[in-house]
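One chain is shown next in structure tokens, namely the form predicted alone.
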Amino acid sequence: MTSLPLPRTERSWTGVMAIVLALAPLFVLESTTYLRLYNQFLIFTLLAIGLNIAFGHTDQLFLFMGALAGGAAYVMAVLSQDVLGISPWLMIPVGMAASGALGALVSWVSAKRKLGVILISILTLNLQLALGEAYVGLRGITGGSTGYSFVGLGLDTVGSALGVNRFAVLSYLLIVFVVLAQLVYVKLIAGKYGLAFEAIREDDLAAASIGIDVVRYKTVAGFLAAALIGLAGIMMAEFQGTVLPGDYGFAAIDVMVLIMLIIGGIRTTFGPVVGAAAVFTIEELLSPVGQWETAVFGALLIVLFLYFRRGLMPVLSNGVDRLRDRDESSPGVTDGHS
């Protein structure tokens, strides 16, 4: 049997991923329900890519992803609608920069104070709780618990012109963002930053002794991770049509994203995508069981954690390697995809 033309580089695999992501919505264009579900999957994929950079590669367990995402959404929406009165498209980089700056500040302080992963998680969890309360308390600006109404990025107009609904347009916008984020991640990890991250994660004292600026590299990782998380938060505001504090809570964002990353495969290139897809698929398949959904979902997670401790991605990667090696004359040829 002829072997599959499997890609050999992670950039090529990202191209395959882009094609698969772009084809998927074509099968559900008429279903608003499935398009909404698909958009949620893409938003959480962005969040998981961000966490993979911070936690996966530099051991900075950000447990304030909801606060970062919500903060970016508020900055983008409030500045564009109430303060400057300009297109929200122009405020997307500003919202990402605000979220990135907060992430960088936390990383800088943590690195300067030599905080370990547990202390960083406690610090960021407290920030999550404090900022969540602030978003509700500043009701004169944020709309409080009832949320801040967001007019949106004008996707309704684009959808009408193309003859599809706004969720289909949002799907392809999100696909572009996910693919770009993935390319940035691949470039980052394959270069000197990836080597420095690995050295810092193994032993930051040893890394510093050979000249690696631990504070600088952790701060860069924190900024990039938080900026991606902020972008996901902004897209969630577009998806919901409002910025609602409850959508950016700890259980709604942080817990789910952490589960997705671990199930998919932490520190793997495509783990965030696979993990988000796995969790949303399981949730959708379990929807008929009604009130037992949460219990069954928890039981399945336990099974996955017990039998796939490194995540699903290494298992899939090994399967692809076996397929390739089966028909190759040169044994032991491997590539870096994971």
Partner chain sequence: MVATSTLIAVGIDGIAYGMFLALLGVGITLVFGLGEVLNLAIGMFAIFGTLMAHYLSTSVGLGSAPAFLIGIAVVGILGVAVDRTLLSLVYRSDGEERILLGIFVTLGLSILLEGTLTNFFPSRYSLSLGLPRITVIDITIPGSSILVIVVSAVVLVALFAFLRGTFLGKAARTVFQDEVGALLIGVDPRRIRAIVFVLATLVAGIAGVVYGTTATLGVTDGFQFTIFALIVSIVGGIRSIEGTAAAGILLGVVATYANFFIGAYLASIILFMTAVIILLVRPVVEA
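Note that the structure is predicted; figures quoted are calculated from it, not measured. Numbering follows the first chain given and starts at 1.
From this point on, the text means the form predicted together with its partner chain, which you will not see here.
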{"item": "Partner-facing stretch of 178-186, 82-90, 127-135, 203-211, counted where any non-hydrogen atom is within 4.5 angstroms of its partner chain in the predicted bound form", "value": "127-135"}
{"item": "Among the candidates Ala168, Ala196, Ile259, Ala98, the residue which, in the predicted bound form, approaches its partner chain to within 4.5 Å (heavy atoms)", "value": "Ile259"}
{"item": "The single option of Ser287, Thr33, Thr294, Thr281 touching its partner chain in the predicted bound form, heavy atom within 4.5 Å", "value": "Thr294"}
{"item": "4.5 Å heavy atom contact with its partner chain in the predicted bound form for all of Arg113, Ile118 and Ile302", "value": "yes"}
{"item": "is_contact(Ile122, its partner chain) in the predicted bound form, heavy atom dist at most 4.5 Å", "value": "yes"}
{"item": "Leu26, heavy atom within 4.5 angstroms of its partner chain in the predicted bound form", "value": "no"}
{"item": "Partner contact for Arg139 in the predicted bound form: its partner chain, 4.5 angstroms, heavy atom", "value": "yes"}
{"item": "Contact test in the predicted bound form: Tyr172 vs its partner chain, heavy atoms, 4.5 Å", "value": "no"}
{"item": "In the predicted bound form, residues of 223-244 near its partner chain [heavy atom within 4.5 Å]", "value": "none"}
